[in-house]
Structure formats: structure tokens, C-alpha cells
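One chain comes next, on its own, written as C-alpha cells: the form predicted alone.
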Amino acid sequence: MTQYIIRRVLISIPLLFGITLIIFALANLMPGDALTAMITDEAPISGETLAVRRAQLGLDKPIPIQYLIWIRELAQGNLGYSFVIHIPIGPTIARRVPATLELMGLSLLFSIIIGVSLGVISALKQYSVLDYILTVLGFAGSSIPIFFLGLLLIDIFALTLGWLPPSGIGTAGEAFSLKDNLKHLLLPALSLGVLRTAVFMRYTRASMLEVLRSEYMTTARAKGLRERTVVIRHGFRNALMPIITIIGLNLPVLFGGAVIIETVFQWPGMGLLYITAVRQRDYPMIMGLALISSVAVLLSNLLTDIAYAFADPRIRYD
């Protein structure tokens, strides 16, 4: 297991290098830059001032030199400075990470528990009324645009019923409290988790149906084992493999949804910071956020592979 993890980490190094090339290339292919975004009719900038500012930011250097400078700074743990707010990018992102992890963590926990549980129930009650209801709800949940669901929940629970706050991470002017934080977290986490819940439910149902038809399930029942033992110990454990795969693959998708949801609910996480950086054409901030997201994807894939070994002891890593 240790050797396998080391090999996977070593394989990730050239992948990460390739990711830095793609991120830097895409950032430089974007039209305009932070300086041109600052120019307006109310605040014009002369050509000489613009040239001096470009030289100060290093934008006058050739693209390959800019990339090498960026890689050198990354090797030293420095993500650079924002062109717009003129502060270090690393600490700025670090302050936003807890809010995003809180949002993604609760929504993922909700979607896994509810989605997998409903998927197992739907498979065990195949072709029943409950199965049809859950299937319809699953398709509906996966079809609703995430931003529309967020706006719908705000309209119902915040504006109409007044049960929950519509935006933010806490009540303005009040000291932080866990209860107040959870009240603000509930709607964005629910909006982000509904789509994943539907996806997990559908995959769990399909995986469980395939396992329930297996011969070893019939053999387990023939041995006189209780149905609950047969389903949980023999059925559910063998059905976990594709479920683990789809959960691992959905972690990057979850972050993409968090970008939209954080914007809708004004949740002060990495997603809202990313949207702000794109609007302001803050290239260093965009590249820093994209790099952190890419590292998170690589780590999620590694954790998924490791989870295989615990879910299925037949897998060996030599």
C-alpha cells in the first residue's frame, strides 16, 4: 500500500507540471488584462503610465520568462500578488478555504448519506411505487440547474417563509455563533447537495441491482443468513466500488457547483473569490485558484484509489 501511494504521488508530479502549463497558457489567452480592466472613461490612463505599470508587474517580459518566474515562485511556496488588491494570493486564498470546505463538506455528507441510502432502498424495492417515486425525484433533481434551485430556495425559505437568511456566512453586526453559521449554511449546502444526491442515488441503485442478481447473494441466502446480513455484508460492500468511483469523480464537479452557489448566496469562499478575480481579470489570482483546485482534484483521485483497498480486500497493490 505504501509503495502504491508513493508511485501515485510521483505520477502526479508530471501531471501537476502539465497543469501549470495549461493554466498559465489559458490565463494569458484571456482577452485584455487587469490594467485594461481598470481603464474607464471616468479614469483614463495615459500610454506612458500604462507601460510603466506593465513593467512593474512584469507583463512586459516574454511569455516563457513570465512562466518560469511563476514556476520559480511556486517552488518557493509563493502564489504571487494580486494585480488588483495588491496583497499576497496565498494568504487570501487560505482565508477563503475554510468557508468553501464547510460548504462542500456539509453538502457532500448530505448527498452521500441521503443519496446512497435512497439508492439502496430503491434497489431493494425495485418496480414498487416507492421505486418509481424515487426514480422520478432523482431525474428531477439532476435536471434542475443549480443556480435556479438556489434562487428557488431563497424565494421560498428566505423571502416567503422567512425561516432562513438569504445570503452571507453570518448575521452582520453579531458575534459568530455555530447556530447562526449553520442557519446561513443550510440553504447553499442544500442547493449544492441536491444534484449530487440524485446522482449518487441513481448510481447506487444501478450498482445494487447488479449485485443483488449475483450468484453469491443466492448462495448467502441459501446458507440461512439473515436478509439484513446478506444485503449489508455481501451486497452493499460489493456495490461500493462504483459508488466510490462516482463520489471521487464528483468532488471536482462539486467545487464547480460551489463557484455558482457561493455567487448566488454571497458565500465568502473560494468560488466567490474566483468569480471576482475573473471579472477583474486578476490573472495571478485566477491562476492561484485554478492551481489549488487542480491539486485538490489530484488528491481526490488519490484518496479514491486508496479507498478501493479498504472497500475491496481482493485488490492488491504490489
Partner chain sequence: MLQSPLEKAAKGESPWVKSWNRFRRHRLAMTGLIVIIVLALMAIFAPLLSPYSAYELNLADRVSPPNLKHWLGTDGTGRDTWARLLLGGRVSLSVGLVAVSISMAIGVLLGGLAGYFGGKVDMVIMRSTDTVMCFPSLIIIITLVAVVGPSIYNTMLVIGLLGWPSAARIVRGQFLYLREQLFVEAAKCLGVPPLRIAFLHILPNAIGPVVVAATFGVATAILMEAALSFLGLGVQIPTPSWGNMLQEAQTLTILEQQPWRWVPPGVMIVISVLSINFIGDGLRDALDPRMVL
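Positions refer to the first chain, counted from 1. Everything quoted here is computed from the prediction, not taken from an experiment. What we label the rigid core is the largest C-alpha set whose atoms superpose within 1.5 Å from one form to the other.
Below, we refer to the form predicted together with the partner chain, which is not included among the displayed structures.
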> Just one of 51, 30, 63, 69 has a heavy atom within 4.5 angstroms of the partner chain in the predicted bound form, so which one?
Replying inline: 30
> With the partner chain left out of view, which of 220, 154, 121, 84 would have a heavy atom within 4.5 Å of it in the predicted bound form?
Replying inline: 154
> Just one stretch in 236-244, 72-80, 186-194, 141-149 has heavy atoms within 4.5 Å of the partner chain in the predicted bound form, so which one is it?
Replying inline: 141-149
> Heavy atoms within 4.5 Å of the partner chain in the predicted bound form: does residue 132 have any?
Replying inline: yes
> Hey, in the predicted bound form, does residue 225 get a heavy atom within 4.5 angstroms of the partner chain?
Replying inline: no
> Is the gap between residue 203 and the partner chain in the predicted bound form 4.5 Å or less for some heavy atom pair?
Replying inline: yes
> Are any of the heavy atoms in residue 23 no more than 4.5 Å from a heavy atom of the partner chain in the predicted bound form?
Replying inline: yes
>> So, a 4.5 angstroms cut-off on heavy atom distances: do all three of 252, 281 and 293 pass it with respect to the partner chain in the predicted bound form?
In response: yes
> Going by the partner chain in the predicted bound form, which residues of 254-285 come within 4.5 Å of it through any heavy atom?
Replying inline: 255, 256, 259, 260, 263, 264, 274, 275, 278, 279, 281, 283
> Once you line up the core, how about residue 267: does its CA shift reach 2 Å between this form and the one not shown?
Replying inline: no
>> Using the rigid core as the reference frame, would you say residue 22 shifts its C-alpha by 2 Å or more between this form and the one not shown?
In response: no
